[in-house]
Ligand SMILES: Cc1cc2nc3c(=O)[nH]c(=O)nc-3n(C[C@H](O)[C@H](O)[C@H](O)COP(=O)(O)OP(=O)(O)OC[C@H]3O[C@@H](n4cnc5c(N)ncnc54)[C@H](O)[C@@H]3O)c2cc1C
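Only one chain comes next, encoded as structure tokens, the form predicted on its own.
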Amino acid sequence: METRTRSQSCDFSGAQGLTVVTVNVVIAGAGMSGLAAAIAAAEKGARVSVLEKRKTPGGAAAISAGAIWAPTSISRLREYVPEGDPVLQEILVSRLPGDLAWLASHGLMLSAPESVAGLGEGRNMLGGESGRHDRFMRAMADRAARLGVQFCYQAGLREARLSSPGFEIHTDAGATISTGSLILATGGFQGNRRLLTQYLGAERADHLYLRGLAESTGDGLAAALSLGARTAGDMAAFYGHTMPDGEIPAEQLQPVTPYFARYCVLVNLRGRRFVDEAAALLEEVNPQEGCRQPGGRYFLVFDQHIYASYGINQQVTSAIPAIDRLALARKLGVPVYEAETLAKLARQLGVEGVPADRFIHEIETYNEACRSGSGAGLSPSRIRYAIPVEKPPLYAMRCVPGITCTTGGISVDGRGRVLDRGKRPIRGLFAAGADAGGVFGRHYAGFLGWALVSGRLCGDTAAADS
């Protein structure tokens, strides 16, 4: 899986006024969607240039768990994500198996199909481990390069203007490129505090921990809006996870993530539950409510039974390893409290300002509802995985709401074409992956699957239209 992308690369750093003409397709972003688009367009005979603001390819996919998945039926996806665009969701479900086979046909190593959390099915990137899939992504870039794709690193999309034959692209390295088609695959706007404040509000935005790449700053969204595009989906919704409160290296963001939060209890600094912890089967609703809590901090409360049963093997997919996450969190400096009784745990949390009496009452009330099978009567309710927190030792891990990817974005049609404010396609303009908004909302079901499907779709369409 040796990479040869350098032989097909162009270094725009320091370039002034450089113009590259006769390029059929420019792709902004070298993550999963951008690389899938590059391979698809190049194999159709298009001359393709990929702009990437980082030094290497891979995007957020390189630090992901590596499971490329989606629900196996549109009815299952609609049941779980009813707020999503049904047209885009149908494309995701119907195309993913074939697009995974297409990816494998290009020499990319994938696992056999497997279930993902009982929600759907997918295949895992091989040749790496959770949070470290840069090798796989370099192999994708290498395959694109072998097909003639030119890669321009440290050359992010700064501006796109309408021109003949389609667009005049300006990069932040000072280069200018002329192209007939532009595919936006820059990965969402979760790394842009100004845009998060605009769409989520200052209070929520200020409390979010970036569980992704700082380079995902909405370059694609900004370019599309400047060209007259409309937005799609809930711009205030996002996919993320409860995250241990510590300084976590990028490659550890995925391994340390406590997916098992859906089996636990979440309490805020006031000692109160604030969400049905299991409302989302992958717990992605929890951080969306967590960022509304005082101070943007809350505690993941569980016992030894819950941790032994679900915290080590999180029972999502084999792409997420069975490891001692408590040990890893402690190694990373995350505050983890441990006690033999609820009263002692409450006293420890007192140093964080959590009222002991309120905390004890909240957990005891929760435990009683779990024992009696009346979790639905709690406020907030608990609709599934209602397990009492009672088998010592008891734990409380200080956490923050992590944002991985925004789910609102640029409006696209069933061919990946960007739509203007009148819902008409903008000629030559496409969006893929997290830049294409509306397939998910407060609930999500496989961004890597959507990145692959939408990227290949845009590459095919752009090559055919160029």
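Start at 1 with the first residue shown and count on from there. Here the structure is a predicted model, which is why all the values come from computation and not from measurement.
Although it is not shown, the form predicted in complex with this ligand is what the next lines describe.
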Hey, of 420 to 428, 393 to 401, 58 to 66, 407 to 415, which bit sits against this ligand in the predicted complex at 4.5 Å between non-hydrogen atoms? 58 to 66
Of Glu129, Glu168, Glu215, Asp134, the one that lies within 4.5 Å of this ligand in the predicted complex (heavy atoms): Glu215
Of Leu300, Leu253, Leu88, Leu196, which residue is found within 4.5 angstroms of this ligand in the predicted complex when only non-hydrogen atoms are counted? Leu253
Using a 4.5 angstroms cut-off on non-hydrogen atoms, would Gly311 count as touching this ligand in the predicted complex? no
So, in the predicted complex, is Asp219 in contact with this ligand at a 4.5 angstroms heavy atom limit? yes
Does this ligand come within 4.5 Å of any heavy atom of Ala37 in the predicted complex? no
4.5 Å heavy atom contact, Leu51 to this ligand in the predicted complex: yes
Are there residues in 31 to 47 with a heavy atom within 4.5 Å of this ligand in the predicted complex, and which are they, in order? Gly31, Met32, Ser33, Gly34
